[in-house]
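Single chain ahead, written as structure tokens, the form predicted alone.
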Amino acid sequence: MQRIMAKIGVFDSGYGGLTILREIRKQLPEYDYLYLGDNARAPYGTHSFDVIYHYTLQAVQYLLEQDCALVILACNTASAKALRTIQQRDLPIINGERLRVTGYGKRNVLGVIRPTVEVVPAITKSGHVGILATPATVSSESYVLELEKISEGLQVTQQACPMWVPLIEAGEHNSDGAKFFVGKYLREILAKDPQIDTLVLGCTHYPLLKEKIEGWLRYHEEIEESEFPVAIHTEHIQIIAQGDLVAKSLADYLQRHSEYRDQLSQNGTCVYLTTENADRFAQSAEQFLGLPIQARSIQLGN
């Protein structure tokens, strides 16, 4: 049976994964992409493990049915809560059924956490690292566990930032309210560990706040010395965003795994899908991509 050429699927619970897609397409523009945002059920970060896994599996199955050879979970919450279970429990079944019934090549699902943490040991000088993420990603401790696997002796401090994604999704990331909540969570994480010299943006939405985060770290007039046990200096803190790192990791993965690379079609196209209103999605997506798009609405399971 002739094999249908496949696409790369990119999934997020909302819009943040578009920051990952943007960087992937910069580095690998030749491939065909299918982006799916589950905006109708976003954000995922406040849901339970079971709900996040169920929603993520539905999205993965849909993308595989649309002939995606690889699916990138461009969502830290999904990567933290659902990726391992899908890889270990569901993919063997999916691959077995598809290979038996259709003759397609193998499928795989990749996340964004591992490519991010791999660069941390080379960046931090103090060995004190901060993770800014959604409540679900923080509670999973995925970043802590992955960093422990690759480097001993790092002091990792996490900070949940529950207001950041709603602000970004509402288009308020340049507002005074965003400035307030950026300062709030940065003060809280630095109060826990004033020696942090590296901050990981552990959510794909957060690059839209990167300028505000950098501004607060450079010009933090609102900090009061009484908030911290010792004098702190924040202007040297490095910020790690994920897009470029995930794109480089995917390029390396395809270079090492010809069984996936050889399945992929190369027409340089990208189709955008959402579980929300397509026009609303397209309008909001422009602030993440910097260009106009067209989208199509679909429904995922129950």
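Throughout, we count residues from 1 along the sequence that is shown. Note that the structure is predicted; figures quoted are calculated from it, not measured.
The protein also exists as the form predicted in complex with a small molecule; that form is not presented, and the subsequent description refers to it.
Looking at Tyr44, you'd find a heavy atom of it within 4.5 angstroms of the small molecule in the predicted bound form. Interface residue remark: His205 is counted as part of the site for the small molecule in the predicted bound form, having a heavy atom within 4.5 Å. Heavy atoms of Ala82 never reach within 4.5 Å of the small molecule in the predicted bound form, leaving it off the interface.
Of the heavy atoms in Val165, some are within 4.5 Å of the small molecule in the predicted bound form.
Remark: of stretches 117 to 125, 178 to 186, 73 to 81, 150 to 158, the one touching the small molecule in the predicted bound form is 73 to 81 (heavy atom within 4.5 Å).
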